[in-house]
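Just one chain is shown here, as structure tokens, and it is the form predicted alone.
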């Protein structure tokens, strides 16, 4: 079987966000694989290590820099990678069209993707890809096991978790708690340089983005700078509650 892991490259959480010309400026910033997608890569590797015979393919869509994230996936243990190179910013629905076509071309039977993206907070990619392929999907997966062509596991719901069973093919979205991603070792980093990283052009997928990104800005809020007198503790506590309830409106 073949497992596709879709990965994205995002700003490192320790980096500061800079805006230039109405867009987030990433040229001089450190970019890393999106953590949510990293869980997907790790889970694919664990499924194979459990005895499943599988070829694991990492897929990414983006500029030339996204190859750094793909190389990380290869160093973790992914067999090969596909890079759809483009500087066009695609929304989740447009990305799903690319991912679905690659899944069909590669005859994949399982797609793993992050349940939520760090930079745009979208949950739509997994669902849109499953819809295009007419495959079942499970979101917010917290446990996963594959025996033959049957997937079993758990996923989060509002009141706790649910157990599920489904037959492949399927789309699974991953989240924190599913596993703990491994760090690439030096030998595997060296081996990854010899693994296949195939480039594809966006044009061949006939994708027309419906969403246009107009501008970006950093939200800045002015501080109120109210200082409470701590000498009278009960009075200060009462004043704090009043401010949180009536001015900040963060409590009822």
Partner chain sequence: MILIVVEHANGKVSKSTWEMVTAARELGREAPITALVLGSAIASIAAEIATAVDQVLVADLPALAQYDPELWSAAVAQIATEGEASLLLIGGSRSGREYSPRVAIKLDAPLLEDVISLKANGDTLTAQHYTYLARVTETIEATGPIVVATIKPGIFNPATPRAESPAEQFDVDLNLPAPRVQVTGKTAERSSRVSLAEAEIVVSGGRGVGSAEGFTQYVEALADQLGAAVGATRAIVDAGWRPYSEQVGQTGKTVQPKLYIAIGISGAVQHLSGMNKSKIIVAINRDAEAPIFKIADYGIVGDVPQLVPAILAELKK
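No experiment lies behind these values; they were computed from the predicted model shown. Under this definition, the rigid core comprises the largest set of C-alpha atoms superposing within 1.5 Å between the forms. Numbering follows the first chain given and starts at 1.
Although it is not shown, the form predicted together with its partner chain is what the next lines describe.
**Q** Check 116, 215 and 228: does every one of them have a heavy atom within 4.5 Å of its partner chain in the model of the complex?
**A** Yes: each residue has a heavy atom within 4.5 Å of the partner.
**Q** Looking at 145, 85, 162, 106, which has any heavy atom no more than 4.5 Å from its partner chain in the model of the complex?
**A** So the residue touching its partner chain in the model of the complex, by this definition, is 162.
**Q** Examine residue 176 and determine whether its closest non-hydrogen atom to its partner chain in the model of the complex is within 4.5 angstroms.
**A** Because a heavy atom of residue 176 falls inside 4.5 Å of its partner chain in the model of the complex, the answer is yes.
**Q** Is it the case that residue 182, even though its partner is missing from this view, gets within 4.5 Å of its partner chain in the model of the complex, heavy atoms only?
**A** Although its partner chain is absent here, residue 182 would stay clear of it in the model of the complex, with no heavy atoms inside 4.5 Å.
**Q** With a 4.5 Å heavy atom cut-off, would you call residue 101 a contact of its partner chain in the model of the complex?
**A** Because no heavy atom of residue 101 falls inside 4.5 Å of its partner chain in the model of the complex, the answer is no.
**Q** Contact between residue 194 and its partner chain in the model of the complex at 4.5 Å, heavy atoms?
**A** No, residue 194 is distant from the partner.
**Q** Residue by residue through 72-89, tell me which have a non-hydrogen atom within 4.5 angstroms of its partner chain in the model of the complex.
**A** Counting only heavy atoms within 4.5 Å of its partner chain in the model of the complex, the single contacting residue of 72-89 is 89.
**Q** With a threshold of 2 Å on the C-alpha, tell me if residue 160 counts as moved between this form and the one not shown once the core is superposed.
**A** Passes the 2 Å threshold, so yes.
**Q** Answer yes if the Cα of residue 13 shifts by 2 angstroms or more between this form and the one not shown on a rigid-core superposition, and no otherwise.
**A** Comparing the forms between this form and the one not shown, which are aligned on their rigid core, residue 13 does not shift its C-alpha by 2 Å or more.
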